[in-house]
Structures are given as structure tokens and as C-alpha cells.
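Before any questions on how it binds or moves, here is one chain, the form predicted on its own, in C-alpha cells.
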């Protein structure tokens, strides 16, 4: 444990978060055909944030904003060039291999393309890979796999080859493989971007249930604003920097931040902002026609009562 954390604990200061990121910098080196470095740029540029255990978090930004690079630091697929990350009060150091592997069991990742992380010949075999890899006993593995597949509603597919599954089902299997390791946190790195609308809705429902029922911390890396309306906290990134952070209502009511981040504002949300500019009582942060219609009716009825 580092000196700063020891200080806080000794003096009774409750300031420790499940994940703490401080002044994180990650550099990418551009090279020419001869392997010479031609440019160095910061994919992550002095980013600091705190995430509490059990929260539903969204890291929002367009492609190239640095959000996926940040996600890979949480699972120790990448390590900082500057700054530091603490998970469960433990500072992550690349040279401490035991610490790194323990952290990867705590924080699982679901990537954009499930084919890149599914390796088993059957659903059951793939789900068992993680527990087998860390040397758990066979009876314990069997229970963990069964529980994980039941949680994602894929127990009935356990003997099926992943090659015969839909994209949404494959993502559920990827989540099951992580759940079998009993993680404290799941990071979804653009995990819905290759799915059809129905599969996307199912996967989002699944991770919401894991968050609410199992109290698993969920971190969603996405550029899709409609996916993060239920987030406890949203971090907005652009060009490697953290532009803003706040609740969903705080972020969605700030159209300037959204535009600065290069994100596309849904038409219904833009219409709600225009209505709000004419009548401040009209709520913003609306994403569906039904939400807009309900808000319009509410404001209209309130106005009629006042008259």
C-alpha cells in the first residue's frame, strides 16, 4: 500500500474509491518504414477520475477520443507512461506480475468483436477456460460455469459450438466467461457496436441486471449516447482528455460539451433542447418519441392548470 493511502487510512479519512486514476498519460509512437519514431502523441492526456464500487459508469467519446485506450489500462492490457491507477487501494505496477493477474480477475473485459475472445469448442468449455486457467478444482469450475451461463440465460446452449451462435449470444458467452471468475467489475469496450438492435437491447438489459442484482461495477465504453441514460456517472472524453463528468442529466443538458466531444446529438434530444430554450420547464436529455410526448403533455398540462 502506498504512503498516500496509508495516510488516509491512519487518519480516518474516507476518500478511497474502488478505482482511482490520477494524472494518467499514455503515449503512442508513430514510426516510419525504417522503424524510426516520427511522432509521439498522448492517447491519454493527464486524465484523473474516481469510480466507486457498484456504480454503473459510462465513458463516452467518439472514435479516437482515448476511451478504449483508457479501458485497457483498467485491465492491465496497457500501463501508464505517467500517472498511476489504484484498484482496491492497490497501485498497479507492471513489474508486480502477481498484482497484475489478481487485478485481471477482478476486472473483466468484453470487447467489440466476441470472436476475438471466444476460444472454446463449446459454450461450456469456453466459459470454463478462465477458472481452469487459474487452477480451480473441477467441481468448483462446474458450479461457476453453470451459475454464469444461467445468469446470462445461455445454460441451454452449453453444448453448442460458439460458431453456431448469433452475435448477441456470443457476447453473452463472453460475459459468462468473465462471470465465472467472480469479478468485481466488467468493462464493456464498444461491446454493442456490432450487434443488431434486438441483441444490443438484450445485452444492455443483462449488464443492468448484473449491476443492480449482483452489485457488479459496470463500465461502458461507448460513443452511443442512448446506451448511457441509466449511468450513475458519465465521463466525456475527447482527444485524450477528460472534458466533463457528471450525472446523465448534467451531461445531457450540456449540449456544448456534447458538441465539443464530437458526439452526434439524437434528433429527439436536440428538439427537447430547443423546447427547453423556449420554456425552461421543459426537460432535456430525452431520447425517445414517447419520452418527448410525455414531457410535452406534462408541460402543457401544467401550463393549462396555471391559466
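All values reported here derive from a predicted model rather than from experimental measurement. Numbering follows the first chain given and starts at 1.
FYI, the form predicted in complex with a small molecule isn't displayed, but the following is about it.
Chemist: Which one of these stretches, 49-57, 64-72, 264-272, 244-252, sits within 4.5 Å of the small molecule in the model of the complex when only heavy atoms are counted?
Modeler: Residues of 64-72 come within 4.5 Å of the partner.
Chemist: Closest heavy atom of residue 257 to the small molecule in the model of the complex, within 4.5 Å or not?
Modeler: Taking the distances in the model of the complex, the answer for residue 257 is no, it never comes within 4.5 Å of the small molecule.
Chemist: Heavy atoms within 4.5 Å of the small molecule in the model of the complex: does residue 40 have any?
Modeler: Judged by the heavy-atom cut-off of 4.5 Å, residue 40 is well away from the small molecule in the model of the complex.
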